[in-house]
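Form predicted alone, single chain, as structure tokens, below.
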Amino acid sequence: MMVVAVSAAAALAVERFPPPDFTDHQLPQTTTPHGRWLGWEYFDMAALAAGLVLASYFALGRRSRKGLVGLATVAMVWLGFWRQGCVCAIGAIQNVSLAVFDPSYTVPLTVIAFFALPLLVTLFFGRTFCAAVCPLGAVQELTLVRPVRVPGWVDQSLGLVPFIYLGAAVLFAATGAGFIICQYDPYVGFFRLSGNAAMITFGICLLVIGLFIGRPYCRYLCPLGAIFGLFSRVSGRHVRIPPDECIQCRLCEDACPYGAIRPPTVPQTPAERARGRRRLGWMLALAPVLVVVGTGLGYTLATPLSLVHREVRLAERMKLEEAGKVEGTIDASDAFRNTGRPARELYTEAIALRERFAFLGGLLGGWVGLVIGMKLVHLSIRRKRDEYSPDPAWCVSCGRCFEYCPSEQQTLIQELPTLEKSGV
């Protein structure tokens, strides 16, 4: 009896609905795609770990620009064109965000590794992942031809965008509205040799800009770069220029296309220090005000933000159709009616989603206010510097300044006999 029941269930599983009888028409044969070999996931994690170790060694130990360029080329070919940009450490932000707000969602082990390992390495060694492991950064690093310096105020202003983008990506992922980082990835179309016209055009524009502006996506869009910048500020080690003693030749400042080299500070008069303290006081007082205002604006924008979610859009459309305010129906509303579900269930889901958007929208607005406030406070703080040094938050450990530093070259000349004897 059990065998008969199982056989009947299997038959129904094959054809739940009998196909229509068409004359002289042959139904296509159903095929099942082959599953992906799970070994690739472990290989990708091992390759990521090896790449992070090599990038940290080339940037901090060997201080080799050539080694970093070679590793970036391999990362671009392997993680970019061969693996087609997936798994992506940047996009993993969305998977982790969705898992935090939706316990039913399980994050794959590979995604966790691609999210956690770069952050852990950044916490100890600075942004070496950006230097030569990230395929998006590698594309930009290898296509930079004639760097042009970006004015400081423009650089600092656009540097706020990745933090705002990060907040928006977490909001849309947490509500199930979509993974906007993946949807608007400007380089995945090149890696996969396919994509819609709008994103291909966007990617081409960024590549053209990247010929002259160093890493425009990394500096002004990448949400993971925003997190790396915060982690790198407290990292135990990061790139230093020069390794021994700075002669203030300014060659490293001219060689850096990312505006990451900070010059020595000049002494201030008592009046200038007093003005600086007053300015810092005003910025500290303004920061909480910006957080409160941003939270309020984010809460009020919950309704338009929620329309990004397909369920909310469908509920709005169904209401208009039932009220007779629009003519006809659309495919989505017809498909919903065919399911037999009552419209009230859809409206209840839409209300719950709007409440979630109101809560998370308020958090997003507060986050944006906090980011702007902290940027104003940061710009008001004066840190004493006696030599040229990379800003740990902005420096991507690319090693361009190594080859221009006279002290660096002198050190290499002194070490050359030892290196030759060791076969390096």
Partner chain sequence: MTDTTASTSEATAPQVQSLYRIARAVIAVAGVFVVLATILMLWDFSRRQAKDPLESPKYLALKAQLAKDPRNEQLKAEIRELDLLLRRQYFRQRQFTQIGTWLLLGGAVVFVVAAKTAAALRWRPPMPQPQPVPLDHDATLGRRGRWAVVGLALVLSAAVLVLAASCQTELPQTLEASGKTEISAVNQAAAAIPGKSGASTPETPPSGAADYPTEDEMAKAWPRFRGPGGLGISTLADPPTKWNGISDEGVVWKTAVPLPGNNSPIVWGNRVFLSGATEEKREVYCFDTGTGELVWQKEVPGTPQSTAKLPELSEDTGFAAPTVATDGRRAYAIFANGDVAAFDFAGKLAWSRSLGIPKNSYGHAASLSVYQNLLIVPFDQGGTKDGLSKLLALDAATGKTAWEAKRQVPNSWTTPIVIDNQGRKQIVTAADPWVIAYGPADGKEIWRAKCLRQDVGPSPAFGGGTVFVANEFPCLSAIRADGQGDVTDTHVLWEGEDGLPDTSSPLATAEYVFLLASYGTLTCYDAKEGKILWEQEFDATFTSSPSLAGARLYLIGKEGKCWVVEPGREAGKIVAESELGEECVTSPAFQPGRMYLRGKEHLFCIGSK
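These figures come from a predicted structure and were not determined experimentally. Positions refer to the first chain, counted from 1.
Beyond the structure shown, there is the form predicted together with its partner chain, which is absent from this document and is the topic of what follows.
- Note on contacts: among 190, 163, 114, 217, the single residue with a heavy atom within 4.5 Å of its partner chain in the model of the complex is 190.
- A single residue from the set 170, 239, 79, 315 has any heavy atom within 4.5 angstroms of its partner chain in the model of the complex; that residue is 315.
- The closest heavy atom approach of residue 320 to its partner chain in the model of the complex falls within 4.5 Å.
- Under a 4.5 angstroms non-hydrogen atom cutoff, its partner chain in the model of the complex has residue 342 among its neighbouring residues.
- At the 4.5 Å threshold, heavy atoms of residue 385 reach its partner chain in the model of the complex.
- Residue contact with its partner chain in the model of the complex: residue 379 places a heavy atom within 4.5 Å of it.
- Contacts with its partner chain in the model of the complex, taken as any heavy atom within 4.5 Å, map within 125-154 to 141, 142, 143, 144, 145, 152, 153.
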